[in-house]
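As structure tokens, one chain now follows by itself in the form predicted on its own.
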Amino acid sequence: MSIIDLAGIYTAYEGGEKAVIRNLSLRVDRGEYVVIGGPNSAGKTTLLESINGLVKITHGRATVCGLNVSRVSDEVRRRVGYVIQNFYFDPFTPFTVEQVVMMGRFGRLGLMNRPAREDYDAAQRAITQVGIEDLAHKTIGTLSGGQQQKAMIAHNIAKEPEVMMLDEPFSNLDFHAREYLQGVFKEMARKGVPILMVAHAFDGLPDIPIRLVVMNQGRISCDRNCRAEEVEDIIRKECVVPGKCLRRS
């Protein structure tokens, strides 16, 4: 069974008259490294939000981790890591990076339960994995945008998610940081966690088979396997003449 299975879904934001995602079907298996590209307003972020149960699915069927997204979206979100785009903490946010990463464990714990040693260990592993040990005791509101992004990536890794989704996670990071973190996600995929990444910059992608999904006007116009170095060129061509590579190869 695919860990993500979307069958003919339509989704719309509350109060919106038109569907943003239209008749979209997608299956993602464990360990796949999926890059989602396409022009602005193509529905890329809405696709991630649909998988995570953050926007209403009006038609079709969506299951994630074997769960019906429309019925148990809270449980889906406990199992899915999701790094959102351009999230910033207020400068006066009092929590340390270590505390923010630890909050990633709360979905497993429940709000009324105290963290156990395994929870602290998972948070510390995530901090080390992302390479932000030197930031652990700093208040997150005082950090740069790129440092905050790294902290939120660690927060979601600490969840030990069954699916990892990232929406433009590298917008404030230099090439070396992007390349390093792509290696982190490559290792997660190797262990069976599918990676779904919305991106506009494609340098630093790992040297593994990439599944490229290109979106146009709320639909998937291209779904194929390729090498990392082919991603940008395929997206550029697909955005000019969409619909030429619907079959995976």
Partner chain sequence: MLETLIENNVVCHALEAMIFASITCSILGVIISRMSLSSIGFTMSHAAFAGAALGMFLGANAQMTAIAFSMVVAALIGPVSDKAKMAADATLGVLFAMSMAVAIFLISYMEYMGKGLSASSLLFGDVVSLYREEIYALAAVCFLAILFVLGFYKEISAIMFNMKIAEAAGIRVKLVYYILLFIIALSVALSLNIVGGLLIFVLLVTPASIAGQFCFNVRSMFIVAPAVALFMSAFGVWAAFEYTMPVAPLVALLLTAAFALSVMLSFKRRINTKMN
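Given the structure is predicted, the values throughout are model-derived calculations rather than measurements. Residue numbers count along the first chain shown, from 1.
As for the form predicted in complex with the partner chain, it is not shown, yet the points below apply to it.
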Find the only residue in L173, A122, I140, I132 having a heavy atom within 4.5 Å of the partner chain in the model of the complex.
I140
The single option of V163, V100, A126, L166 touching the partner chain in the model of the complex, heavy atom within 4.5 Å
V100
Verify the contact flag for S144: yes if a non-hydrogen atom of it lies within 4.5 Å of a non-hydrogen atom of the partner chain in the model of the complex, no if not.
no
Would R178 count as a contact of the partner chain in the model of the complex, using a 4.5 angstroms cut-off between non-hydrogen atoms?
no
Check E118 for me: does it contact the partner chain in the model of the complex (non-hydrogen atoms, 4.5 angstroms)?
no
Is there any non-hydrogen atom of D223 lying within 4.5 Å of the partner chain in the model of the complex?
no
Even though the partner chain is not shown here, does it sit in the model of the complex so that S70, V184 and E187 each have a heavy atom within 4.5 Å?
no
Taking the partner as it appears in the model of the complex, which of 28-36, 48-56, 215-223, 62-70 has residues with heavy atoms within 4.5 Å of the partner chain?
48-56
Going by heavy atoms, what in 69-85 lies within 4.5 angstroms of the partner chain in the model of the complex?
D74, R77, R78, V80, Y82, I84
